[in-house]
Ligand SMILES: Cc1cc2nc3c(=O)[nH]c(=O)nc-3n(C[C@H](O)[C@H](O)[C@H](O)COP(=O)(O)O)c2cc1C
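Read the single chain below, which is given as structure tokens and is the form predicted on its own.
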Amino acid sequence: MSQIVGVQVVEQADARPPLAARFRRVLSLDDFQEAARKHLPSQIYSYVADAAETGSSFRSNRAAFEEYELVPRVMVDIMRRSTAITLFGRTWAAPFGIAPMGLQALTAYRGDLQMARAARRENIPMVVSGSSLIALEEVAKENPDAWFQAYLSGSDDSILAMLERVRSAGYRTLVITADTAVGANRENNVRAGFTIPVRPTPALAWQGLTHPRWLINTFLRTLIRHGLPHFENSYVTRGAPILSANVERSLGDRGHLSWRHVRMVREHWSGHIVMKGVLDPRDVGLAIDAGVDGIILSNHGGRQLDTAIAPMRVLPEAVALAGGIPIMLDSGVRRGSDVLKALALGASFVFVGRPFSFAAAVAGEAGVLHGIELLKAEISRNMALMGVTQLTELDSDSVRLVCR
């Protein structure tokens, strides 16, 4: 009898979370953003949605996808098409994953865990952020196949200690972020009243009170059950609390990072190494020489250097120089057609950030699952309309660059 009860408990605990009826009208990833804008305090919404300075790179990311048009084939039996793809010897259910995003436990209750569970269920990769407010060990328990994104310091001892912590937690893919040598000029966040760590202000308190669903279901629920969140993964030891009137978050030690450190990581890390934040094709060659196994072209979603080039615009050249090393891409991916365009130009995989953050904020794991399903369905539908049955069939003939 106890065995039967035990099985029932496991099945119930692992049951797919239902999506609230009000979110069934969310028909695309973009729809989550408007829902999140209404749900989140304006300061926290700004942190997720806004970009650096003028937002030029953010807009350019979308424009770069729109510069390409798809070239469909016809009279192809597409009934057995598959969205599956292989990366690093693992077959994933779709050619996209969840990009690393910090402070997710501030936008959604245990946000990183919600995403980790959804990614595990849907068999796509999820990258845990080094700026997470939930310990990387806890996320790994929810999703043993998750990747970890490290914000490495310039200290050899600190890097080696961090590698040991990540290895001990069971991670097999390490993502080194390369484009955060200094903090970005996110003046839009400052105008909205958001800082890191978050400083208590009357305006923030008012926004909390006027957004009761977020206040009760995310902030107070976290505070009561888990205490005040801290930065858990920036260093080997626990970092600063997310809410503080005095603490400053220092990024200065990242300015010392160099290719020497990447080679050192390669010597001490037996798993896969992915470098994220590369944009110059010359750095593709240097990264490969340093021993990385894959590269994510990224301008941090327009959140770091404003006017930085969109990854899609350097993708073909990067792929040509990579010699078969997987070139991946993030920044601006919103539609299944975006995914297919990137794959046609040689990308091995893409990652999506903000939309899944918004999905988790408004609907938790069920929202993230819904977002994954929407994007996966778009990819499958567009494959059918293009006459493509396997993603490996996509090539440069599948797209055309259009001058508008």
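Here the structure is a predicted model, which means the values were calculated and not measured. Residue numbers run from 1 along the displayed sequence.
Beyond the structure shown, there is the form predicted in complex with the ligand, which is absent from this document and is the topic of what follows.
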Contact residue in the model of the complex, chosen from Pro41, Gly364, Gly353, Gly336 - any heavy atom within 4.5 Å of the ligand: Gly353
The ligand: the contacting residue among Thr218, Gln114, Ser234, Gln149 in the model of the complex [heavy atom, 4.5 Å]: Gln149
Contact segment among 161 to 169, 318 to 326, 236 to 244, 129 to 137, judged by heavy atoms lying within 4.5 Å of the ligand in the model of the complex: 129 to 137
Whether Gln33, Gly371 and Glu378 all lie within 4.5 angstroms of the ligand in the model of the complex by heavy atom: no
The ligand contact at Pro197 in the model of the complex, heavy atom, 4.5 Å: no
Ala94 within 4.5 Å of the ligand in the model of the complex, heavy atoms: no
Non-hydrogen atom contact Phe349 with the ligand in the model of the complex at 4.5 angstroms: no
Proximity of Gly294 to the ligand in the model of the complex, heavy atoms at 4.5 Å: no
Neighbours of the ligand in the model of the complex among 92 to 120 [non-hydrogen atom within 4.5 angstroms]: Ala99, Pro100, Met101, Gly102, Gln104
